[in-house]
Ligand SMILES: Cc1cc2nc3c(=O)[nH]c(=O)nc-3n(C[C@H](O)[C@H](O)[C@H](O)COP(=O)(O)OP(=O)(O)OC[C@H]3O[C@@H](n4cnc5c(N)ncnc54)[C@H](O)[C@@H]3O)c2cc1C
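As structure tokens, one chain now follows by itself in the form predicted alone.
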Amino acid sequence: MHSFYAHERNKVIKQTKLLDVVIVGGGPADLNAALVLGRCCRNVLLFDDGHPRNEVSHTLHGFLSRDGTPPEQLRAIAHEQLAAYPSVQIDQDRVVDAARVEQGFSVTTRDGRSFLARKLLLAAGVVDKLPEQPGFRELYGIGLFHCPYCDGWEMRDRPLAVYGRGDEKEGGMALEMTHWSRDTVLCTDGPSELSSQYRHRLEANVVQLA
């Protein structure tokens, strides 16, 4: 994978003309956009620094035809298929600045390079901010997860805990988790902010408060 990126970066350095599209991000949405644009003969430069949101995930789920595929394998397949389109290039640098200019958009990378494009597609995803609690970072992706739709099936019928401040958002998540397990506890990390109505709903669904 690293040799692929090095080869693509060399191509980008030599790029001098106005690009059609710069894509910031290397997830499924960005890669699919690059594929469609490549098939439209557009000059595309996609930036992917190699640190996706699901970096700690062992497999991805909910993606038809690729359910259970390791994330890095999906990216490798996408890169291989994009290589068939000479107008699509991939660069592993990170975009640190972007601005609207007369020609379209200007982007600047972490290593100081600048590129011009008619269009700019931002699909860099989100960053999960973990609570600053002992063990959270070490267990993230192992026994600690942020999305029940991604990992709930693998954890079904086991004792589950939902961590949050105990407002209606976390209460709703705790109720939702009962689809996967009837042994669920809501850990509020202090006094709960739940209304009496929400407390009754949790009690009716045998969700404990801790």
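Quick note: we count residues from 1 along the sequence shown, nothing fancier. Remember, predicted model here, so these are calculated numbers, not experimental data.
Absent from the display: the form predicted in complex with the ligand. The rest refers to it.
- Remark: all three candidate residues (53, 61 and 128) come within 4.5 Å of the ligand in the model of the complex, counting heavy atoms only.
- Interface residue among 137, 94, 118, 113 relative to the ligand in the model of the complex, by the heavy atom within 4.5 Å criterion: 94.
- Taking the partner from elsewhere, residue 27 is found to have a heavy atom lying within 4.5 Å of the ligand in the model of the complex.
- Among heavy atoms of residue 146, some come within 4.5 Å of the ligand in the model of the complex.
- Residue contact check for residue 49: one or more of its heavy atoms lie within 4.5 Å of the ligand in the model of the complex.
- Although the partner is absent here, residue 43 lies well away from the ligand in the model of the complex, with no heavy atom inside 4.5 Å.
- Along 143-157, a non-hydrogen atom within 4.5 Å of the ligand in the model of the complex is carried by 146, 150, 151, in order along the sequence.
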